[in-house]
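For reference, the chain that follows is the form predicted on its own, supplied as structure tokens.
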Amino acid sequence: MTKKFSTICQHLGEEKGAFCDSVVPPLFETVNFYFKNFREAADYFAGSKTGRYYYTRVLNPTTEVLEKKLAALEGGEACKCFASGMGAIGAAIMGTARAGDHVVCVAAVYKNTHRILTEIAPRYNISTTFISGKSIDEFERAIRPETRIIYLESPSSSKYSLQDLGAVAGLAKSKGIITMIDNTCATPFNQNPLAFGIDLVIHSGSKYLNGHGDVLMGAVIGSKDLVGGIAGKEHYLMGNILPPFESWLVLRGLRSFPVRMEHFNRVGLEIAEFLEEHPAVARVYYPMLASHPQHHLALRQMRGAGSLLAVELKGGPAKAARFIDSLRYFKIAASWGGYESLVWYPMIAKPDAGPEYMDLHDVNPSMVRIFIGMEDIEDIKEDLDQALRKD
């Protein structure tokens, strides 16, 4: 029987009778799982006895339930959870590429993914070509004989630019290239890249998946072969695992995940439309707005866009600073995806950046990133309006 999205969040991996009939899966906060006798231990290491646990760095029952749910939500065969989103990103890239390989990556990728590809990968003789990713011709021109990976982030978390997932996957498969995507912004509720032919999906579960702002977590989802290859080395061999307590907290977050995403999709679009009409706003970046340059692609690939958006304000960086400091319900913080509304200035760490940096990362001095949380939408509108009107 095929389970629907919300049913997966509530029930998958928690069949009746499991965990001593506990309604909530227990937290297995243990390092070791003991063997009943010598023969059982010998059979385990000989590979002839499966379906049991040995050491939490390898597999833990609490984390296993979470991995089963996340794999099913994305339509993948397997999932491994990591200690952070960056742990998952680094493991996916470095666990797939080899010395001498080449990566094609979208330029507006998350800044720390960019750092892995420019600061760590070159140490292992892995090179990268960055492109805007807005046309399939760009990908085709960037591919070399040694290209091993095409890395996507659609939508990006700056100007929410998109890539055509089906077209990129088709091109990559014709040339034997592995595709991977950071799907954090869209989530499996709004977009399923594997259904378009993408090979690996990466998430920072610290955002929407957990939804409470209290867990660092990452995930890699795909085929058993690809995920298994990463799991055997870059995951448990290097200790890059999600501990049981954090797994338990994310399982808690998944209970409300579908309801939260329905809310975020609704209020995200409503606030984007509200801001687009505001006299103090020069431009709003949100894929579900008709004004977004890739709106038709968004409608084809996505079911919604959550409540993360960016605005360019009239008045430049001084106006952006006044706006941020005038908000009452928004905390100034870099992350997003929880219950609380947040605001961030993307150029806060690079106030003197030049045009090349801004073009590469799809940012400018007038841009502010906004996340709409779970507050009443009319209170949020009033707060945004009063802050935008401050001179």
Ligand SMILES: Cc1ncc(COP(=O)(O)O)c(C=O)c1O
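Just so it is clear, the structure is predicted and the values come from calculations on it, not from any experiment. Residue numbers here begin at 1 and follow the sequence given.
Only in words, not in the display: the form predicted together with the ligand, which the text now covers.
In summary, the region of this chain contacting the ligand in the model of the complex, judged by heavy atoms within 4.5 Å and restricted to 242-250, 229-237, 212-220, 91-99, corresponds to 212-220. Residue in contact with the ligand in the model of the complex (any heavy atom within 4.5 Å), chosen from 307, 187, 179, 204: 204. Shown without its partner, this chain lists 294, 265, 157, 128 as candidates; in the model of the complex, only 157 has a non-hydrogen atom within 4.5 angstroms of the ligand. Under a 4.5 angstroms non-hydrogen atom cutoff, the ligand in the model of the complex lacks residue 323 among its neighbouring residues.
Put simply, residue 194 is far from the ligand in the model of the complex: not one heavy atom of it is within 4.5 Å. Contact annotation: residue 287 falls outside 4.5 Å of the ligand in the model of the complex, judged by heavy atom distances. Not displayed here, the ligand is approached by residue 85 to within 4.5 Å at the level of heavy atoms in the model of the complex. Contacts to the ligand in the model of the complex (heavy atom within 4.5 Å) from stretch 107-125: 110 only.
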